[in-house]
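Heads up, the chain below is alone and in the form predicted alone; it's given as structure tokens.
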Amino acid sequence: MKETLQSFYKDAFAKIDKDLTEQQKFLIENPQKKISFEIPLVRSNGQLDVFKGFRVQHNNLNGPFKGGLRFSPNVTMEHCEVLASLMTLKTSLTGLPFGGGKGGVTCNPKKLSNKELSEVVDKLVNTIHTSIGSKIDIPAPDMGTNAEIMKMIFQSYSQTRGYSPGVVTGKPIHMSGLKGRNEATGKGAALIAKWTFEKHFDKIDTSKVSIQGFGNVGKFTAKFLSDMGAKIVAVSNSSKCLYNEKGIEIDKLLENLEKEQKNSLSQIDDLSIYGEHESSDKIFEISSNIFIPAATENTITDKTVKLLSADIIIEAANMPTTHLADKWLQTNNKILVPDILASAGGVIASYFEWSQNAQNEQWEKSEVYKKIEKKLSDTWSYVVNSKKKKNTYRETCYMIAIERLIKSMPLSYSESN
């Protein structure tokens, strides 16, 4: 991931009209602060586990650090560095008063009891409480974390530092959370897909869409696009791909998952009522107009990209496309909208949650939806109007984000040594 991000930075630096100093490039590419720590936990069976923890505070030129906190055995400092950097670009591009951050703990929350999980959160907060806060660094849910864990952090932090709902976003609605927050990333990705398709091709209700990843983001992206009239012809998770040339009945599929209290396609007993199904890799081969990676990083590689028939790729996941695959897409005149725009609905919603906390208000979901759409629409319009014919959407988005960061830098950083 790090090499891919460095390559994308290099592409954007080369396209920016003004010469950048080495100081400017360094500040844009590198984190301001990296925090590492350990969380010892005596399990209910007497076993001692020691989890590693990380928090990367990448850049706060435009406001407090902002970014997810994941609980996963696979989280690393390097992974957090890359994702924190992407968040800096994302908040800069969308004009939010935030910087970028990311963190994690190397635990599997599914294997912890409620008491053990609560203890991990308390120790996490006790370790980093001086480094987070509504005006310092604001974590949010990510892989392995959710609204309940954000509630735990909020409560633990408030016991130490005083009542402060703005210390995290993604909280439960009854705990000063934002209505519509869960759907926000998927709603944003669906809107970007619609606007991109309609700018370059036809009305969205003439499109066929494939979505890789059917977790929270993928499900809501499918739901919103289906409601817009798009035909969802394929969805996949890590083990299965469900496809139907006539279109999958998304509402029926989601209703089934909710009714049966299941989270995964793999848990549905009879997928054949929705279409055909094979292994997850089949998703790349399904004929569609729009392909939406909404799973993990590095899924569109120099090998899988050549299987795609879609003319448009909308990156709802973070860093799903490698640099080599990105170049192949350019050479073959494919249109790609990068993650820092396509997946920005989540952090935009986080900004509105943070704002309503500061104002001690709670907005209705319809109002939240309007605010998210307006912010995304303004950003999309700015990107379209700024984009030169010879530049890709990724290059344009990176250039806008970087140039805004440069404007916020101290004057001394513009001086060459």
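Because the structure is a prediction, the values reported are computed rather than measured. One-based numbering along the sequence shown.
From this point on, the text means the form predicted together with ligand GLU, which you will not see here.
*Asks:* Within 4.5 Å, heavy atoms only, one stretch in 137-145, 151-159, 288-296, 275-283 touches ligand GLU in the model of the complex. Which?
*Replies:* Heavy-atom contact with the partner occurs in 137-145.
*Asks:* Pick from 53, 64, 31, 68: which residue has any heavy atom within 4.5 angstroms of ligand GLU in the model of the complex?
*Replies:* If I apply the 4.5 Å criterion carefully, the residue I get is 68.
*Asks:* Counting non-hydrogen atoms within 4.5 angstroms of ligand GLU in the model of the complex, say which of 318, 182, 176, 196 makes the cut.
*Replies:* Of 318, 182, 176, 196, the residue with a heavy atom within 4.5 Å of ligand GLU in the model of the complex is 318.
*Asks:* Is it the case that residue 169, even though its partner is missing from this view, gets within 4.5 Å of ligand GLU in the model of the complex, heavy atoms only?
*Replies:* Residue-level check for residue 169: yes, a contact with ligand GLU.
*Asks:* Consider residue 186 of the chain shown here, and say whether it contacts ligand GLU in the model of the complex, taking contact as heavy atoms within 4.5 Å.
*Replies:* Looking in the model of the complex, residue contacts with ligand GLU do not include residue 186, since no heavy atom lies within 4.5 Å.
*Asks:* Does residue 192 make contact with ligand GLU in the model of the complex, using a 4.5 Å heavy atom cut-off?
*Replies:* No, no contact at 4.5 Å.
*Asks:* Report whether the minimum heavy atom distance between residue 346 and ligand GLU in the model of the complex is within 4.5 Å.
*Replies:* Within the cut-off, so yes.
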